[in-house]
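Alright, here's a single protein chain in two forms, structure 1 and structure 2, each given by itself as structure tokens.
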Structure 1
């Protein structure tokens, strides 16, 4: 799969520009996204009815399609764990306030996880394949695998794939109570969207040569063997991996497995959230494409990295492996 367009809203300035100097740090154990001026491409009357998650989803889809020169889209696939949290809160509040009576279906419809994918389809008058994956920390990877299956079956030429999760004030309170948000381990949010194609084009950033997930591996050897297998399946050797983008606080496994590769922590720029690997893939693709500012932001020393391994795990339950390679 080739990445032909990227839209990325994150705590850093990644939507209209590339990261460089003046990186944003977390505040009170939380990262908050820098959002664009939505009225540039969404009508004001529509904006008033849209939640923040939907706005971010539409914005990154618009950016990715624009960069890919607006190809015909054969599928829209999103991954999200938290969904439209703000709208879900509104729906639950309405239930309580109205004593479980006189509820409008609109409040429920807007609170569902597939609202973003549906709104993207409506905005672009697209009635193609439309799917949303809610698989916790591997929601985005599930969306990528679905896209790869569409390409393998010959059912798509261009697919829009996104990973989106938002925070709210109430969610922040819950995350603090659960001790998820801490000063040395800040929580984050973000929305990243990609136009993927089965064809290499002039505007291609990179190609996705491997995507896989693991669920509750019994030991580290299983994880190591899975990473090695994906590297082999991608047609690469261990020495070909230039950079490992790790989403883990302890990156000893990656460092011991691939000692010649530089290991960098991408969550220092976006924080912890279920679809953070979408952010990692967006910035990783730009690094491979030669974006010097993004390399500086991540602390990458390699002048021209050609193969990047993205490895993330959540509480040793869900593990994800993504490999990006130079076109």
Structure 2
């Protein structure tokens, strides 16, 4: 699968350029996205109903499509763990406050997890394959695997794949109470969208040579062997991996497994959130494509990294393995 277009909204300035020079730090253990002006591509009368999750999703889809020169799209697949949190809260709060009376439909209809994928289809009048994955820290990976199946099925030439999660004030309180958000481990949010294609174009950023996920691996050896297997399946040797973009606070497993690779922590730019690997894939692809600012932001020393492993895991329950390679 080739990455032929990227839209990325993150706490950093990544929408209108690949990576803003001044990096933003987290505030009170939270990162908040820098959002574009939506009015340039979403009609006002539609915009009024849309929560940030939906706006961000539509904006990154717009950008990714534009970069890929607006090809015909054969699949729209999103991953989101938290879903449309704001509208869910809004509807739930009104139910409780008004004791199930005087409720309004808008928040409810916008609260479903598939709102973003549905709105992308609606906006682009696209009747194609449409799917939404909600599998915690591997929601985005599920979407990527589905996209690869569409290519295997011979049913697609271009597929839009996105990972989106939004923060809200209420969610922040909940995350703090769950001890998720801490000073040295800030929580984040973001939306990243890709046009994936079976065709290598002159504007291709990189290709995805492996995607896999593990559920509750019994021991570390299973994780290591899975990473090694994915490297092999990608047609690579261990030594070919130049950089590991790790989402883990303790990156000893990946560092010990691939001692010659430089391990960098991508969450220092975006914070912790379930679909953070979508951000990692967006910036990783730009690094492979040679973007200097992104490389500096991530602290990558290698002049021309050709193969990047993205490895993230959540509480040793969901593990994600993605490999990006130079085209």
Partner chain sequence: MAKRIFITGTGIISSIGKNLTETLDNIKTSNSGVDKIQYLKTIHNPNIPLCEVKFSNRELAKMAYGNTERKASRTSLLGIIAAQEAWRTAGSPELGDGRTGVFSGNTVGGMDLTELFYADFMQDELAGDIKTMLTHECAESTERIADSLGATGMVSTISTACSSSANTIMLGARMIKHGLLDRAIVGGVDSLTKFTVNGFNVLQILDHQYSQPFDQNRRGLNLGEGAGFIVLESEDTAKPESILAELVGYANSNDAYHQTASSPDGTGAYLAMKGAIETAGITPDKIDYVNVHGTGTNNNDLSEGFAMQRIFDEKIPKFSSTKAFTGHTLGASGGIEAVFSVVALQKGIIYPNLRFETPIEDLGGKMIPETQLLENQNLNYILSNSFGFGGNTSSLVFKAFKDS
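Positions refer to the first chain, counted from 1. Each form is matched to the other, and the largest set of C-alpha atoms that superpose within 1.5 Å is called the rigid core. Everything numeric here is computed off the predicted structure, so don't read it as measured data.
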{"property": "Form predicted on its own - structure 1 or 2", "result": "1"}
{"property": "Large Cα shift (2 Å or above) at residue 252 between the two structures, core-fitted", "result": "no"}
{"property": "Shift of residue 169 between the two structures at or above 2 Å (CA, core fit)", "result": "no"}
{"property": "Rigid core fit then residue 202 CA moved by 2 Å or more between the two structures", "result": "no"}
{"property": "Value in Å for the CA shift of residue 97 between the two structures, taken after the core is superposed", "result": "3.7"}
